[in-house]
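Consider the single chain below, provided in structure tokens and representing the form predicted alone.
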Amino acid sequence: MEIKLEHVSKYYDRKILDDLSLELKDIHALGIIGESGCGKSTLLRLLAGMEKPEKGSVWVNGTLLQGKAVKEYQKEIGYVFQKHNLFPHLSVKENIVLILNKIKKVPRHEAVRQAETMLKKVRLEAAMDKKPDAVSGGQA
């Protein structure tokens, strides 16, 4: 994966990111650490195309995240919120199937297959039929 930010600034009621530039090439995992309020979540929302910078540009794998390109890019990624709010009456697998089927328009039988494959890939097959309150926060 490649990430490039060029002079990115993002403001809410104050400056959160101010003229941030960075370029990361050939990365497979990345940790972002810092104090509360320093811009970690804002940076992730920018990288997910959920927010637009006031200034500058955000590139992921050679794609400039603006305009129509954002919608296409978002079809290829996922974003897990800190407060994920899984449906408590559905199993872990059914929570995934629901999103794939209703949001991504994947046929149900294929969504079930994809959900099972994803859960096995991250070694959560034992949790797939459990309700969210029966698994840890990290598993959820």
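As the structure is a computational prediction, the values presented were derived from the model and not from experiment. All residue numbers refer to positions in the sequence shown, first residue = 1.
Keep in mind that the form predicted together with a small molecule is missing from the display, and what follows is about it.
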Contact test, all of R108, Q114 and T117, partner the small molecule in the predicted bound form, heavy atom 4.5 Å: no
4.5 Å heavy atom contact, K104 and the small molecule in the predicted bound form: no
Residue contact check: S36 to the small molecule in the predicted bound form, 4.5 Å heavy atom: yes
Contact test in the predicted bound form: R14 vs the small molecule, heavy atoms, 4.5 Å: yes
Contact flag, T42 vs the small molecule in the predicted bound form, heavy atom cut 4.5 Å: yes
Candidate stretches 65 to 73, 42 to 50, 23 to 31, 94 to 102, one within 4.5 Å of the small molecule in the predicted bound form by heavy atom: 42 to 50
